[in-house]
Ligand SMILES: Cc1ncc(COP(=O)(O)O)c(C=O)c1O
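One chain comes next, on its own, written out as C-alpha coordinates in the form predicted on its own.
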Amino acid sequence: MIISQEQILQLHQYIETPALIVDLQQLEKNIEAMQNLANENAVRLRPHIKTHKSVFISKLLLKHGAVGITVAKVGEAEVMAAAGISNIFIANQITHPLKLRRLRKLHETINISVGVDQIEQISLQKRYFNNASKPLRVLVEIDSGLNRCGVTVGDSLVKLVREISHAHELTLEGIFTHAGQVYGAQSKKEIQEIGDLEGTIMAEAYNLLKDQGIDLRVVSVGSTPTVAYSSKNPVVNEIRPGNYVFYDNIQYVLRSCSEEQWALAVLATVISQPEQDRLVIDAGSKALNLDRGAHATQLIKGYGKPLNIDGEIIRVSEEHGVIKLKSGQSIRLGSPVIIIPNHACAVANLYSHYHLIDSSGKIKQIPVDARGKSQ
(Lines give C-alpha, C1' and ligand atoms only; values in the text may rest on other atoms or scores of the structure.)
Protein backbone atom coordinates (compact mmCIF):
# COMPACT_ATOMS: atom_id res chain seq x y z
CA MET A 1 0.00 0.00 0.00
CA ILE A 2 1.56 3.24 -1.16
CA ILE A 3 -0.24 6.10 0.54
CA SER A 4 0.97 9.62 1.23
CA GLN A 5 0.42 11.61 4.41
CA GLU A 6 -1.77 13.96 2.38
CA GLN A 7 -3.98 11.06 1.24
CA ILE A 8 -4.21 9.79 4.82
CA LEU A 9 -5.33 13.23 6.02
CA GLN A 10 -7.95 13.42 3.27
CA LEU A 11 -9.39 10.00 4.15
CA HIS A 12 -9.41 10.90 7.81
CA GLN A 13 -11.71 13.87 7.11
CA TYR A 14 -14.47 11.58 5.86
CA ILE A 15 -14.01 8.30 7.75
CA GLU A 16 -14.67 7.75 11.45
CA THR A 17 -12.12 5.55 13.17
CA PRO A 18 -11.13 2.86 13.74
CA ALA A 19 -11.96 1.79 10.20
CA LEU A 20 -10.88 -0.70 7.55
CA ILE A 21 -9.36 0.87 4.44
CA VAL A 22 -8.96 -1.10 1.20
CA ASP A 23 -6.90 0.12 -1.74
CA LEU A 24 -9.15 -1.06 -4.57
CA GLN A 25 -6.48 -0.70 -7.25
CA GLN A 26 -4.01 -2.82 -5.28
CA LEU A 27 -6.71 -5.34 -4.40
CA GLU A 28 -7.37 -5.90 -8.10
CA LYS A 29 -3.65 -6.15 -8.83
CA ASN A 30 -3.28 -8.85 -6.18
CA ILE A 31 -6.27 -10.73 -7.58
CA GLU A 32 -4.91 -10.54 -11.13
CA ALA A 33 -1.44 -11.67 -10.06
CA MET A 34 -2.72 -14.82 -8.35
CA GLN A 35 -5.05 -15.60 -11.25
CA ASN A 36 -2.07 -15.25 -13.59
CA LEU A 37 -0.06 -17.66 -11.42
CA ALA A 38 -2.91 -20.17 -11.61
CA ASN A 39 -3.19 -19.78 -15.38
CA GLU A 40 0.57 -20.15 -15.89
CA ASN A 41 0.58 -23.41 -13.94
CA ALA A 42 -2.64 -24.68 -15.55
CA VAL A 43 -4.47 -25.00 -12.24
CA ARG A 44 -7.92 -23.83 -11.21
CA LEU A 45 -8.14 -21.05 -8.64
CA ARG A 46 -10.72 -21.48 -5.88
CA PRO A 47 -9.88 -18.68 -3.43
CA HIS A 48 -10.62 -18.96 0.27
CA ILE A 49 -12.97 -16.15 1.30
CA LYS A 50 -12.36 -16.41 5.07
CA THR A 51 -9.84 -13.57 4.64
CA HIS A 52 -12.31 -10.94 3.40
CA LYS A 53 -15.79 -12.51 3.95
CA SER A 54 -17.14 -10.13 1.31
CA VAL A 55 -19.66 -10.86 -1.46
CA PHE A 56 -18.27 -7.93 -3.46
CA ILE A 57 -14.71 -9.28 -3.33
CA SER A 58 -15.86 -12.88 -3.94
CA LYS A 59 -17.63 -11.79 -7.13
CA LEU A 60 -14.55 -9.80 -8.14
CA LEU A 61 -12.49 -13.00 -7.81
CA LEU A 62 -14.97 -14.93 -9.96
CA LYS A 63 -14.98 -12.14 -12.54
CA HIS A 64 -11.20 -12.44 -12.86
CA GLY A 65 -11.36 -16.19 -13.48
CA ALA A 66 -11.81 -18.11 -10.22
CA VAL A 67 -13.83 -21.32 -10.73
CA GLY A 68 -15.60 -21.03 -7.39
CA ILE A 69 -14.84 -20.15 -3.79
CA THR A 70 -13.67 -21.88 -0.63
CA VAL A 71 -15.19 -21.23 2.79
CA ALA A 72 -14.45 -22.49 6.29
CA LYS A 73 -17.97 -22.67 7.73
CA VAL A 74 -21.53 -23.47 6.72
CA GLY A 75 -22.54 -19.95 7.74
CA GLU A 76 -20.11 -18.44 5.26
CA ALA A 77 -21.43 -20.73 2.53
CA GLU A 78 -25.02 -19.68 3.29
CA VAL A 79 -24.15 -15.98 2.95
CA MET A 80 -22.34 -16.50 -0.35
CA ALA A 81 -25.07 -18.78 -1.74
CA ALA A 82 -27.74 -16.22 -0.86
CA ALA A 83 -25.76 -13.71 -2.95
CA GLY A 84 -25.88 -15.97 -6.00
CA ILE A 85 -22.52 -17.75 -5.73
CA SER A 86 -23.25 -21.36 -6.60
CA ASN A 87 -19.93 -23.26 -6.57
CA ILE A 88 -18.62 -23.54 -3.01
CA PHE A 89 -16.22 -25.86 -1.20
CA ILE A 90 -16.35 -26.02 2.60
CA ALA A 91 -12.75 -26.89 3.46
CA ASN A 92 -13.72 -28.33 6.81
CA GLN A 93 -15.33 -31.32 8.47
CA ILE A 94 -19.01 -30.96 9.42
CA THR A 95 -20.31 -33.21 12.23
CA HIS A 96 -22.91 -31.22 14.22
CA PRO A 97 -26.44 -32.43 13.38
CA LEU A 98 -27.86 -28.91 12.97
CA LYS A 99 -25.03 -27.99 10.62
CA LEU A 100 -25.55 -31.16 8.61
CA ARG A 101 -29.20 -30.18 8.14
CA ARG A 102 -28.13 -26.75 6.91
CA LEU A 103 -25.57 -28.38 4.62
CA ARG A 104 -28.30 -30.62 3.17
CA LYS A 105 -30.44 -27.54 2.44
CA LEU A 106 -27.54 -25.84 0.62
CA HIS A 107 -26.78 -29.05 -1.24
CA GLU A 108 -30.26 -29.06 -2.77
CA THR A 109 -29.80 -25.57 -4.29
CA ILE A 110 -26.12 -25.12 -5.24
CA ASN A 111 -22.99 -27.08 -6.14
CA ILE A 112 -21.40 -27.63 -2.74
CA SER A 113 -18.66 -29.93 -1.53
CA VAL A 114 -17.21 -30.63 1.89
CA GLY A 115 -14.12 -32.12 3.51
CA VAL A 116 -13.81 -35.48 5.28
CA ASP A 117 -10.95 -37.27 6.99
CA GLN A 118 -12.58 -40.06 9.04
CA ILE A 119 -14.97 -42.91 8.37
CA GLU A 120 -17.31 -41.76 11.17
CA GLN A 121 -17.98 -38.58 9.17
CA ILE A 122 -19.10 -40.74 6.26
CA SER A 123 -21.63 -42.46 8.51
CA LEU A 124 -23.06 -39.11 9.60
CA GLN A 125 -23.31 -37.81 6.06
CA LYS A 126 -25.03 -40.97 4.85
CA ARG A 127 -27.70 -40.46 7.49
CA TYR A 128 -28.39 -36.83 6.64
CA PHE A 129 -28.10 -37.15 2.84
CA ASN A 130 -30.25 -40.22 2.41
CA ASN A 131 -32.78 -39.65 -0.39
CA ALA A 132 -31.09 -36.42 -1.50
CA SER A 133 -31.65 -35.40 -5.12
CA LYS A 134 -27.96 -35.97 -5.86
CA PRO A 135 -24.91 -37.35 -4.02
CA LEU A 136 -22.96 -35.00 -1.75
CA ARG A 137 -19.56 -34.19 -3.17
CA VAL A 138 -16.73 -34.83 -0.71
CA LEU A 139 -12.98 -34.25 -0.73
CA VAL A 140 -10.63 -36.18 1.53
CA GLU A 141 -8.27 -34.01 3.52
CA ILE A 142 -4.60 -35.05 3.41
CA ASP A 143 -2.23 -34.11 6.22
CA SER A 144 0.77 -32.52 4.50
CA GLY A 145 2.59 -31.60 7.70
CA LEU A 146 0.30 -29.26 9.63
CA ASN A 147 -0.83 -32.09 11.96
CA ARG A 148 -4.31 -30.67 12.31
CA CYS A 149 -7.10 -32.45 10.40
CA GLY A 150 -6.27 -34.83 7.59
CA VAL A 151 -5.36 -38.44 6.87
CA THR A 152 -1.82 -39.58 6.11
CA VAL A 153 -0.96 -41.23 2.81
CA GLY A 154 -1.25 -44.97 3.21
CA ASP A 155 -3.73 -47.72 4.03
CA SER A 156 -5.97 -45.40 6.09
CA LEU A 157 -6.46 -43.18 3.03
CA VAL A 158 -7.37 -46.13 0.82
CA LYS A 159 -9.78 -47.47 3.44
CA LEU A 160 -11.49 -44.08 3.78
CA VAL A 161 -11.87 -43.66 0.02
CA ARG A 162 -13.26 -47.19 -0.29
CA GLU A 163 -15.86 -46.33 2.33
CA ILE A 164 -16.89 -43.26 0.31
CA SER A 165 -17.18 -45.31 -2.87
CA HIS A 166 -19.59 -47.70 -1.12
CA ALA A 167 -21.90 -44.88 -0.04
CA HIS A 168 -24.44 -44.01 -2.72
CA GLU A 169 -25.26 -40.80 -0.81
CA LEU A 170 -21.75 -39.48 -1.52
CA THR A 171 -19.41 -39.00 -4.45
CA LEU A 172 -15.65 -38.59 -4.23
CA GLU A 173 -14.59 -35.28 -5.75
CA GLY A 174 -10.92 -35.39 -4.88
CA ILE A 175 -8.34 -34.64 -2.21
CA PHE A 176 -7.22 -31.42 -0.56
CA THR A 177 -4.64 -30.14 1.90
CA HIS A 178 -3.42 -27.03 3.70
CA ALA A 179 0.28 -26.70 4.56
CA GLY A 180 -0.37 -24.19 7.32
CA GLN A 181 2.91 -25.05 9.04
CA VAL A 182 4.48 -22.64 6.56
CA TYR A 183 3.54 -19.77 8.89
CA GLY A 184 6.34 -20.91 11.18
CA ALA A 185 8.93 -20.92 8.38
CA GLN A 186 12.22 -19.13 9.05
CA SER A 187 13.34 -18.43 5.48
CA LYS A 188 12.28 -18.23 1.84
CA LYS A 189 14.07 -21.54 1.28
CA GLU A 190 12.02 -23.22 3.99
CA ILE A 191 8.80 -21.86 2.49
CA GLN A 192 9.76 -23.36 -0.87
CA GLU A 193 10.61 -26.69 0.77
CA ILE A 194 7.21 -26.78 2.50
CA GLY A 195 5.44 -25.84 -0.75
CA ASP A 196 7.33 -28.49 -2.71
CA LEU A 197 6.54 -31.08 -0.04
CA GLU A 198 2.87 -30.10 -0.10
CA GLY A 199 2.75 -30.88 -3.82
CA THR A 200 4.80 -34.06 -3.41
CA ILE A 201 2.55 -35.49 -0.69
CA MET A 202 -0.54 -34.78 -2.78
CA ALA A 203 1.08 -36.52 -5.76
CA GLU A 204 1.82 -39.53 -3.55
CA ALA A 205 -1.82 -39.63 -2.44
CA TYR A 206 -3.05 -39.27 -6.00
CA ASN A 207 -0.77 -42.03 -7.31
CA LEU A 208 -1.62 -44.39 -4.46
CA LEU A 209 -5.33 -44.05 -5.23
CA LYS A 210 -4.74 -44.28 -8.98
CA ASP A 211 -2.94 -47.59 -8.42
CA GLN A 212 -6.10 -48.76 -6.63
CA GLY A 213 -8.18 -47.85 -9.68
CA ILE A 214 -9.57 -44.67 -8.13
CA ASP A 215 -9.59 -41.53 -10.25
CA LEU A 216 -9.74 -38.06 -8.72
CA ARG A 217 -11.13 -34.97 -10.39
CA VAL A 218 -9.60 -32.51 -7.92
CA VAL A 219 -6.17 -32.33 -6.29
CA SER A 220 -6.28 -29.11 -4.30
CA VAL A 221 -3.67 -27.26 -2.25
CA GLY A 222 -3.89 -24.11 -0.17
CA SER A 223 -1.88 -21.38 1.62
CA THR A 224 -0.82 -18.05 0.12
CA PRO A 225 2.92 -18.54 0.85
CA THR A 226 3.16 -22.04 -0.65
CA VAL A 227 1.00 -22.01 -3.80
CA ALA A 228 3.78 -20.58 -5.97
CA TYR A 229 5.63 -23.87 -5.36
CA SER A 230 2.96 -26.52 -4.75
CA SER A 231 1.05 -25.44 -7.88
CA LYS A 232 4.02 -26.47 -10.02
CA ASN A 233 3.54 -30.14 -9.19
CA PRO A 234 1.93 -31.66 -12.32
CA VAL A 235 -0.61 -33.62 -10.28
CA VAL A 236 -1.99 -30.52 -8.54
CA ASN A 237 -4.89 -28.96 -10.47
CA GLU A 238 -6.46 -26.55 -7.97
CA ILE A 239 -5.19 -23.92 -5.52
CA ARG A 240 -7.04 -22.28 -2.61
CA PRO A 241 -5.04 -19.28 -1.31
CA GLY A 242 -6.97 -16.58 0.55
CA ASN A 243 -4.83 -13.96 2.25
CA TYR A 244 -3.30 -12.74 -1.03
CA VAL A 245 -6.20 -10.41 -1.77
CA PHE A 246 -5.04 -8.13 1.06
CA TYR A 247 -1.71 -9.49 2.33
CA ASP A 248 -0.56 -8.32 5.78
CA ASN A 249 2.43 -7.93 8.07
CA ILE A 250 2.78 -11.69 8.61
CA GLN A 251 2.95 -12.29 4.85
CA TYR A 252 5.50 -9.48 4.59
CA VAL A 253 7.69 -11.06 7.26
CA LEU A 254 7.43 -14.38 5.38
CA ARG A 255 8.46 -12.51 2.20
CA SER A 256 5.26 -13.56 0.48
CA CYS A 257 4.60 -9.95 -0.49
CA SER A 258 6.18 -6.52 -0.74
CA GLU A 259 5.02 -3.40 1.07
CA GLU A 260 3.49 -2.21 -2.19
CA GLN A 261 1.18 -5.26 -2.27
CA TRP A 262 -0.55 -4.43 1.01
CA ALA A 263 -4.17 -3.63 0.16
CA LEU A 264 -5.75 -3.48 3.63
CA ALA A 265 -5.07 -1.09 6.50
CA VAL A 266 -6.69 0.09 9.71
CA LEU A 267 -7.21 3.83 10.00
CA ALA A 268 -7.02 5.06 13.61
CA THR A 269 -6.88 8.38 15.47
CA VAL A 270 -4.52 9.73 18.12
CA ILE A 271 -6.56 10.35 21.27
CA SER A 272 -3.82 11.06 23.83
CA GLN A 273 -0.08 11.61 24.29
CA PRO A 274 0.53 11.23 28.03
CA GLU A 275 4.32 11.26 27.55
CA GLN A 276 6.68 12.39 24.83
CA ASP A 277 7.36 8.80 23.76
CA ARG A 278 3.88 7.32 24.44
CA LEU A 279 0.94 7.77 22.11
CA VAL A 280 -2.56 6.35 22.53
CA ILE A 281 -4.87 5.61 19.59
CA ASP A 282 -8.54 4.60 19.38
CA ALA A 283 -7.76 1.15 17.93
CA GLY A 284 -7.27 -1.66 20.44
CA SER A 285 -7.72 -5.41 20.41
CA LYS A 286 -11.26 -5.06 19.01
CA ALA A 287 -9.83 -3.23 15.98
CA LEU A 288 -6.40 -4.82 15.52
CA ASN A 289 -6.78 -8.33 17.02
CA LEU A 290 -4.06 -9.93 19.14
CA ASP A 291 -2.64 -12.29 16.50
CA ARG A 292 1.07 -11.72 15.99
CA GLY A 293 1.77 -14.91 14.07
CA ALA A 294 4.36 -17.60 14.66
CA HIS A 295 7.15 -15.01 14.65
CA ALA A 296 5.73 -12.79 17.38
CA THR A 297 8.83 -13.02 19.55
CA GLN A 298 11.25 -12.71 16.65
CA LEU A 299 10.43 -10.72 13.53
CA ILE A 300 7.01 -9.23 14.26
CA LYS A 301 7.06 -6.46 16.81
CA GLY A 302 3.81 -5.06 18.10
CA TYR A 303 0.16 -5.43 17.16
CA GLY A 304 0.31 -4.05 13.64
CA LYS A 305 2.71 -1.91 11.66
CA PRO A 306 2.13 1.88 11.72
CA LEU A 307 3.03 3.42 8.36
CA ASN A 308 2.99 7.15 9.01
CA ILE A 309 4.33 7.28 12.57
CA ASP A 310 7.76 6.13 13.69
CA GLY A 311 6.75 3.84 16.52
CA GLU A 312 5.60 0.40 17.66
CA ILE A 313 2.18 -0.66 18.97
CA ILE A 314 3.49 -2.22 22.18
CA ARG A 315 0.19 -2.79 23.99
CA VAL A 316 -3.53 -3.03 23.26
CA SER A 317 -6.56 -3.17 25.51
CA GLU A 318 -10.06 -3.51 24.10
CA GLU A 319 -10.45 0.07 22.82
CA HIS A 320 -6.95 1.53 23.16
CA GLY A 321 -3.65 0.99 21.41
CA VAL A 322 -0.42 2.24 22.97
CA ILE A 323 2.36 3.28 20.61
CA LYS A 324 5.94 3.60 21.83
CA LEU A 325 7.48 6.36 19.73
CA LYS A 326 11.02 5.70 18.59
CA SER A 327 12.00 9.33 18.91
CA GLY A 328 10.62 12.11 21.07
CA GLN A 329 8.02 13.85 18.95
CA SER A 330 4.83 15.77 19.56
CA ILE A 331 1.84 14.41 17.66
CA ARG A 332 -1.26 16.56 17.38
CA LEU A 333 -4.28 15.01 19.06
CA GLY A 334 -6.84 13.96 16.46
CA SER A 335 -4.12 13.05 13.93
CA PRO A 336 -4.63 9.94 11.78
CA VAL A 337 -2.53 6.78 12.07
CA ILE A 338 -2.63 4.12 9.37
CA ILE A 339 -1.69 0.59 10.38
CA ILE A 340 -1.02 -2.61 8.43
CA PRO A 341 -2.60 -5.48 10.41
CA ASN A 342 -0.46 -8.41 11.44
CA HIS A 343 -3.18 -10.84 10.31
CA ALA A 344 -5.70 -9.44 7.83
CA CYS A 345 -8.12 -12.39 8.13
CA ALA A 346 -8.60 -11.96 11.87
CA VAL A 347 -8.88 -8.18 11.65
CA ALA A 348 -11.43 -8.09 8.81
CA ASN A 349 -13.81 -10.22 10.89
CA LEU A 350 -13.91 -7.46 13.53
CA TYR A 351 -15.57 -4.88 11.25
CA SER A 352 -19.00 -4.51 9.70
CA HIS A 353 -17.76 -2.87 6.49
CA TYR A 354 -14.78 -1.83 4.39
CA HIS A 355 -14.02 1.59 2.94
CA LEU A 356 -12.90 0.92 -0.65
CA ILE A 357 -10.71 3.69 -2.01
CA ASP A 358 -10.36 3.87 -5.79
CA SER A 359 -7.53 5.49 -7.75
CA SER A 360 -9.32 8.86 -7.79
CA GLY A 361 -9.75 8.84 -4.00
CA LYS A 362 -13.48 8.11 -4.12
CA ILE A 363 -14.72 6.20 -1.07
CA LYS A 364 -17.27 3.39 -1.25
CA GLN A 365 -18.50 1.33 1.70
CA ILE A 366 -19.07 -2.40 1.23
CA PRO A 367 -20.18 -4.84 3.94
CA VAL A 368 -18.13 -7.64 5.47
CA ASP A 369 -21.09 -9.87 4.65
CA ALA A 370 -20.01 -13.07 6.42
CA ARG A 371 -18.59 -11.36 9.47
CA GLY A 372 -18.96 -13.50 12.58
CA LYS A 373 -20.26 -16.52 10.66
CA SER A 374 -18.33 -19.04 12.72
CA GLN A 375 -21.03 -21.74 12.83
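Residue positions are given as counts along the sequence shown, with the first one as 1. All values derive from a computational prediction rather than experimental measurement.
Below: the form predicted together with the ligand, not depicted.
Among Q121, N243, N233, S113, the residue placing a heavy atom within 4.5 Å of the ligand in the model of the complex is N243. Contact annotation: of the candidates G174, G302, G284, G222, the single residue with a non-hydrogen atom within 4.5 angstroms of the ligand in the model of the complex is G222. Taking non-hydrogen atoms only, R148 approaches the ligand to within 4.5 angstroms in the model of the complex. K53 falls outside the set of residues with a heavy atom inside 4.5 Å of the ligand in the model of the complex.
In the model of the complex, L170 stays away from the ligand, with no heavy atom inside 4.5 Å. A91 belongs to the set of residues with a heavy atom inside 4.5 Å of the ligand in the model of the complex. Remark: all three candidate residues (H48, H178 and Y183) come within 4.5 Å of the ligand in the model of the complex, counting heavy atoms only. Just one listed stretch, out of 125-133, 235-243, 74-82, 201-209, contacts the ligand in the model of the complex at the 4.5 Å heavy atom level, and that stretch is 235-243.
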